[in-house]
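One chain comes next, on its own, written out as structure tokens in the form predicted alone.
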């Protein structure tokens, strides 16, 4: 196909391209990855979210990944300013963002360059590029556009110039604010998605606005669909099978918020921080309808202190934050550990250290969650591996927090927080709710910290409970909550708080093995790498490789059975999104190599030579990358 000829023909929108005189039949695909990218504020993220939702309603598997610039409002037409969404659409269930992109809609050539340089586009990728810059008043902009266009064509990309701005002006005065719906219409045609579902999506999205806004967006959607039908020489069909049971399509942060509702927790205390904030946005819209409350404190420390106070007063509370906020909360978390006050803490991890990369993903906070705080402060640490698990992990966390009077930390990350995936609509179960708190009079002689010698557990006293008055303190204390600096008492209380982790570990099941229980290589992961690891393992097993994986949802305490699983394999390695030194670096050897977080934990716990591989690029690890790493490991 001659891109230059096509580019010249589609400028004349009043005439149909000769290429489309005969409509092409849709090409059937198993899956496709599409990106919509623009400057911030042009609606590419909303376009991508809508596309994913429409495809999911059709019955396709989807996984959306937000493309977010590091700055809140980067300069327009900047390489680093790409904002948008990446949608993987499949004929079956999709568990991760996949590999390179197959098709891109770009609102200018500069944001597109950022994706090209990041090597996110597949060779021969189809690019639908806004053509308005070719006729821009600034000759430097024109020169940049032509240079980039020519380079893209020379590199083998299939570039289609699309007059989106020009077409949108036929329907709205401000084309910049409507281009995303025009693009959505084009994509609905390209992927053979029902236009009615797209119209319904617009009505739902803009329903609170004036009807004229809804009508304008529908006109833009239909215009984009018609333009693509008249001018593009390709379209696809990804087979879909609609689910027989209701599904929901949400991102990880919304799933967390829904989990808060479902768990019966009544208070969320937090301070806004990227990428955790959208969880509180959702809760602030719906929580009061079910009797809950979102408290936005003046800072992270105050949010954690408020949550602890509310939990002490009988309301098990959640505080949601990200890495820097978690660091600020640690002293207060130590108070909850010392006072044995139930508390759920969600850390939506991001790149660090310090301010780091606020909008990028990383799994760098595992050691902080487990060992953070001054002194010995045992906490339960969980990490959901899917968006569905984000929902159920909060329910589990609340029950553990109240059953064991402990702090439970739930680690997600920016990848899960902003990605969308359909999963079966949860059906409420009474088992999700914690049992009613015992507020009956405290028996005479009962003590506020009457620890069980085997489990370390003690009855929870509630303020105002008859006979339960005592002074709560963050100082070392005895069974009566009296300040005690006695050496034996201090060591005894440390022992009991640690025993609670052991007691919880006895209730856990061994992790499932994805694949056979014996083979050449076992990969162990945690958190958001689950889908990519299992896809890589599945592909390699289909090729005859003897590989398997297991994924850990509990990181402290570690579940039973891990050593027995590892003993079935010749080699074991972890794959994580945090740092580990590269063995190939000249200065690195076995005496100084830093291992990734989970590898350190497993090596120290089980005294097994566990290798590791990690990547810290601020984005999800791709299945193809994991396959490459596993194949290299098998050759050793």
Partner chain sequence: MNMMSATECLLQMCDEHLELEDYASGVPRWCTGCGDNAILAAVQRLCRDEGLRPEKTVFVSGIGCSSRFPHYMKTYGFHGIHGRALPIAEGVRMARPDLNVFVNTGDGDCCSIGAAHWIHAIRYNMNITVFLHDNQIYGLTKKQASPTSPIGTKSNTTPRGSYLEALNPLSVTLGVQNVSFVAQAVDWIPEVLFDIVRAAYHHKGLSFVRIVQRCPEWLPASLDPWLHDPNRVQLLNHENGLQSSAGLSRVYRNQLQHDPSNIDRAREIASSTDTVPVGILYRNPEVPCYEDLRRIDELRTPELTRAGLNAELDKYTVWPQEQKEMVA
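Positions refer to the first chain, counted from 1. Only a predicted model underlies this, so the values are computations on that prediction, with no experimental measurement involved.
Omitted from view is the form predicted in complex with its partner chain, to which the following refers.
Contact annotation: residue 468 falls within 4.5 Å of its partner chain in the predicted complex, judged by heavy atom distances.
Taking the partner from the other structure, its partner chain in the predicted complex has a heavy atom within 4.5 Å of a heavy atom of residue 428.
The shortest heavy atom separation between residue 355 and its partner chain in the predicted complex exceeds 4.5 Å. Taking the partner from elsewhere, residue 485 is found to have a heavy atom lying within 4.5 Å of its partner chain in the predicted complex. Stretch 52-60 is the answer when you ask which of 589-597, 52-60, 571-579, 603-611 has residues with heavy atoms within 4.5 Å of its partner chain in the predicted complex. When you look in the predicted complex, the only residue of 215, 491, 288, 210 with a non-hydrogen atom within 4.5 Å of its partner chain is 288. Of the residues given (175, 508, 297, 503), 297 alone sits with a heavy atom within 4.5 Å of its partner chain in the predicted complex. At a distance of at most 4.5 angstroms from its partner chain in the predicted complex, all three residues 200, 242 and 292 contribute at least one non-hydrogen atom.
Residues of 214-252 that come within 4.5 Å of its partner chain in the predicted complex, judged by any heavy atom, are 242, 243, 244, 245, 246, 247, 248, 249, 250 in sequence order.
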